[in-house]
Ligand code: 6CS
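Heads up, the chain below is alone and in the form predicted alone; it's given as structure tokens.
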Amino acid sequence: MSRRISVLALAAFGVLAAGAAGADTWRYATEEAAAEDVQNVFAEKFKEQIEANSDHEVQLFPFGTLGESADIMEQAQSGILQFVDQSPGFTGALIPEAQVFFVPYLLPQDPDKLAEFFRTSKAIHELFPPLYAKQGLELLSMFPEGEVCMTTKKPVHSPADLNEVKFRVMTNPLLVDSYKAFGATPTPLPWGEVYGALQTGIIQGQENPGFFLDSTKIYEVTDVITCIGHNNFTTAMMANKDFYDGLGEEDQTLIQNAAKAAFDYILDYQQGLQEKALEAIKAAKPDMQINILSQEERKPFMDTAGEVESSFVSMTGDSGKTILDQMKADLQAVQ
């Protein structure tokens, strides 16, 4: 099926769903499949808040039910979906400045400082919304999902260990540059193809937060998990802007309050989630190697941050530099 036919088919499905569910049903798609995955827990809390405080109903569509990440973004922009979650890893194709979240070692590892940054950042709450608005999207929230770790066939203790490793990345130019700097051969792939590509050896590595490595059972087709502290997976929750702007003040406030409640809830939900996920993986596959690199081992990876940061500024110009500088100021304020 061609991409155009696929999107048209999904559009038809959305129209039918809208007719069946009624005018007060709002549709919300996420990038993750399991009920306990962070995005779906966030979405469920949002749904709970909306339905408890209004006559509206929220219909949730986990990953795969409406296609890949690019598909659900198209549906959100066209108004088939009212809400969507998407990582800046994919949104970077539409909003290059969103790639700033993939500058390695930019975000703090301390969970309290990280939470405070997402809660108070001027870059997130003031500079990003107009960029999303230009793409027909109302940015409602950005939230962290957990430390990203690499899974590979062989142990990784330095960039040299990634030499000639075909490493799956999202379709994000800066993430490509980051893994080139790490020594790997970055290979953009949609998530739906990753398990099979690892199983058949088309790729030899990928990265994701611990809970996602567990829920997707990606550990079944890899042998080593390596955590180098380089990033925390970030997600944005967005609404179709025409839909949002067409609502009354009461409904807009309802949505803002529900998004804030879901944000606070998801930060609490994540406490200890990474450790719990890695323990579950080890229990399911006892011979799985899980390596948390020391500060000394991380240094060669950390040394690539300046190179990747320069690439980001080259890609995004003055707008990107303004956001990067503001993020650094926001981060400094919470240190």
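A residue's number is simply how far along the shown sequence it sits, counting from 1. What you see is a predicted model; the values in this text were computed from it and never measured.
The following text describes the form predicted in complex with the ligand, which does not appear among the structures shown.
Undergrad: Hey, in the predicted bound form, is residue 139 touching the ligand, heavy atoms inside 4.5 Å?
TA: No - in the predicted bound form, heavy atoms of residue 139 and the ligand never come within 4.5 Å of each other.
Undergrad: Whether residue 219 contacts the ligand in the predicted bound form should be assessed with a 4.5 Å heavy atom distance threshold; does it?
TA: Outside the cut-off, so no.
Undergrad: My question is simply whether residue 168 lines the interface with the ligand in the predicted bound form - judged by any non-hydrogen atom within 4.5 Å.
TA: Residue 168: yes, in contact with the ligand in the predicted bound form.
Undergrad: Evaluate residue 233 for contact with the ligand in the predicted bound form, applying a 4.5 angstroms cut-off between non-hydrogen atoms, and reply yes or no.
TA: Yes, residue 233 sits close enough to the ligand in the predicted bound form that at least one of its heavy atoms falls within 4.5 Å.
Undergrad: For this chain shown on its own, do 105, 147 and 179 all sit within 4.5 Å of the ligand in the predicted bound form, going by heavy atoms?
TA: No, because 105, 147 and 179 lack any heavy atom that approaches the ligand to within 4.5 Å in the predicted bound form.
Undergrad: Which one of these stretches, 24 to 32, 292 to 300, 40 to 48, 275 to 283, sits within 4.5 Å of the ligand in the predicted bound form when only heavy atoms are counted?
TA: After filtering at 4.5 Å, what remains is 24 to 32.
Undergrad: What is the one choice in 101, 117, 128, 90 with a heavy atom within 4.5 Å of the ligand in the predicted bound form?
TA: Looking at 101, 117, 128, 90 one by one, just 90 meets the 4.5 Å heavy-atom criterion.
Undergrad: Which residue among 172, 208, 204, 82 has a heavy atom within 4.5 angstroms of the ligand in the predicted bound form?
TA: If I apply the 4.5 Å criterion carefully, the residue I get is 208.
Undergrad: Any residue of 177 to 201 with a heavy atom within 4.5 Å of the ligand in the predicted bound form counts; write them all down in order.
TA: Read in sequence order, the lone residue that approaches the ligand (within 4.5 Å, in the predicted bound form) is 191.
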